[in-house]
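Coming up is one lone chain in structure tokens, specifically the form predicted alone.
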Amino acid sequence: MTARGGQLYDRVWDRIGDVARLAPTPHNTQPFRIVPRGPRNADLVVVRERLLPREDHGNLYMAAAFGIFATALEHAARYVGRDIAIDVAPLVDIANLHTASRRVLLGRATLSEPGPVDPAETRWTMRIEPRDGLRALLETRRTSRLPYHDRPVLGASTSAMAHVAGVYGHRFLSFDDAALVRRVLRLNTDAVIDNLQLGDEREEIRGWYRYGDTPPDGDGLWERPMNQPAWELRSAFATPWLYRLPGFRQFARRRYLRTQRGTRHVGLLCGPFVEWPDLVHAGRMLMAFWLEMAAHDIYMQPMGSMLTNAKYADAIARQFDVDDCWLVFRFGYSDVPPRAPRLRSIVEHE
């Protein structure tokens, strides 16, 4: 390979990375990197210091996020006119990722010329989406922490979402009983407030909060995408004890619930979510599921605080009589939410 050829391939990886960086990650930490190793090959690694081991017990959700990233890479490669094969590392000690070396190899990617599209493939694979449509859909997929429009999601849309989950061997459970939805929203609010009292977890995520105008490039949790003013975010970290006081707790709960008015639905995703291969598979399912939602103009807000806290995870299990729920979220129609920034590049040339 000539140096000129290498530069050309580097640009291909840069173009792929420019689209794949749209993949969502917990707290917008963006821990995955593409490390080109040749004209057709690249290592896929996770950067240790961007993990959240105190909150994400066992690094389960970061492992699933790699599945999301892998699916985004496949769409990104197709967008730039290539096919990509991703070989996921067979054995990864996910529980100890945060104590391993600075970068841990999670998979390898191999580029090839695009092959013919099998018409038998269904749309959830996205392979038959027009190239421009792929990027537009990835851009459209966002978390919405805004109030939702007070109207129900069409049954055809929830059926399509259930189909995607089922294709991957997972279950999508949707609930629209108004009293139940209010109960889940209140439960999540209590989980958010109670988790502030967990010192290790609070300090871990404090470093990912950002204040001021949201820049086009970056990482972390910004005021506008979070739909919370700076004073509220700062006080939560500076004086968490305040939120234990009954009067202030009620005040904070009302404020948070106001951001979620108009919510008609809560959803659960259930299925295997323990071992490394299952986690990657679950992440792939979540990305396909989320893109399907975007195709129907539906937004979601994951409620991660409930499932990383054993007390609230148990409450969800009892409420819905499930023992394998790994994601709870509210969903519906909303105004277009502010875009969370992405790092300028996730490609590391060596």
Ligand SMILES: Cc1cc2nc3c(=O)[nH]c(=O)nc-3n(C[C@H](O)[C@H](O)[C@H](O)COP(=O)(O)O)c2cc1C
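Since this is a predicted model, take the numbers as computed values, not measurements. Numbers for residues come from their place in the sequence shown, where the first is 1.
Keep in mind the form predicted together with the named molecule is missing from the figure; the text below concerns it.
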If the cut-off is 4.5 angstroms on heavy atoms, which of these, Y312, Y61, F32, F289, is the one near the named molecule in the predicted complex?
Y61
So which of S235, T259, T143, T214 gets a non-hydrogen atom within 4.5 Å of the named molecule in the predicted complex?
T143
Heavy atom contact within 4.5 Å of the named molecule in the predicted complex, the stretch among 135 to 143, 108 to 116, 245 to 253, 197 to 205
135 to 143
Spell it out for me: taking the named molecule in the predicted complex, does every residue among N227, R264 and G267 have a heavy atom no farther than 4.5 Å from it?
no
Even though the named molecule is not shown here, does R342 get within 4.5 Å of it in the predicted complex, heavy atoms only?
yes
Would you classify Q319 as touching the named molecule in the predicted complex, given a 4.5 Å non-hydrogen atom cut-off?
no
Flag P36 as yes or no: does it have a non-hydrogen atom within 4.5 angstroms of any non-hydrogen atom of the named molecule in the predicted complex?
no
Residue-level contact is defined here as any heavy atom of the residue lying within 4.5 Å of the named molecule in the predicted complex; does G67 satisfy this criterion?
no
Restricting to 12 to 34, the residues within 4.5 Å of the named molecule in the predicted complex through any heavy atom are P24, T25, P26, H27, N28
